[in-house]
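Here we start with a single chain on its own, the form predicted on its own, put down as structure tokens.
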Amino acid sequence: MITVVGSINLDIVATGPSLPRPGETVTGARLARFPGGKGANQALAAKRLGAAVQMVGAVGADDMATEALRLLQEGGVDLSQVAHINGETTGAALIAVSADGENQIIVCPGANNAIRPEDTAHLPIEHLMGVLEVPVPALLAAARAATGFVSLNLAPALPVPDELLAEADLISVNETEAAVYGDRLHAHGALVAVSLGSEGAALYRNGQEIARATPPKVHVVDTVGAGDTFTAALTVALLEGRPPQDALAFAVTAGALACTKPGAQPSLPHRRDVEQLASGGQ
């Protein structure tokens, strides 16, 4: 069982011809709403890729909560540890997407910021996936409670204590985040995965590259959720005992497939589709 400690959001997405520059107004966009949040995205991605998944998080006692949790519930993710908190709003992300799939995101954390260490320290956690869109003390308590594999997606880049990094078996970041954390990522012996956008990803151990993979070519519609899919897929593959190179190839293929549909959670691929694309199918 994978327990995901992370954010649950409702994504409000405006897709238009281009992204605005500072002070600029861009018109002609289409509006859509999708369940999201990096924690929820990774939970549903792992479930669709074949893992048993429990979500730990918080939403507000509001109408947005039902919408934010809908695909997790329909997808079979265990939501028994998701709190509905009076006086808090469900987290929201305001996302602008250009015609070529690039995006800008502003996150309003809401109830995600209300998760406390005492909410996670007592949980029976086997394998853990965690993201930094919830308070670090709650994530550290969960990592210490885990008895198995600990996968940490250090996104967005924030100050984190060495105690948290030392709990990780796998750390995943993108190039920008890797530059922020620097050599600290490699100081405690964890596997470190650095996603490289359309170039794929590289996997490191003790600062030395041990694997690199390039994704298949796909028609990019929306890159939101691709990084979460990559992290979930790599974690699932490593838990299945795949060698690092095979696990990384599986992860970049899953991440590429997530770029082919709009919305974070609606775009998350099922295992059969990842395996078909990996084998050269369309």
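Everything numeric in this text was worked out from a predicted model, so none of it was measured. The numbering used is simple: start at 1 and walk along the sequence shown.
What comes next is about the form predicted together with a small molecule, which does not appear here.
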| property | result |
| --- | --- |
| Selected contact from V107, A211, A145, V160, since only one has a non-hydrogen atom within 4.5 angstroms of the small molecule in the predicted complex | V107 |
| V224, M55, A247, A256 - the one with a heavy atom within 4.5 Å of the small molecule in the predicted complex | V224 |
| 4.5 Å heavy atom contact, V150 to the small molecule in the predicted complex | no |
| Contact label in the predicted complex: L268 to the small molecule, heavy atom within 4.5 Å | no |
| Exercise: A93 in contact with the small molecule in the predicted complex, heavy atom 4.5 Å | yes |
| Stretch in contact in the predicted complex with the small molecule, which is absent here, among 65 to 73, 211 to 219, 38 to 46, 24 to 32 (heavy atoms within 4.5 Å) | 38 to 46 |
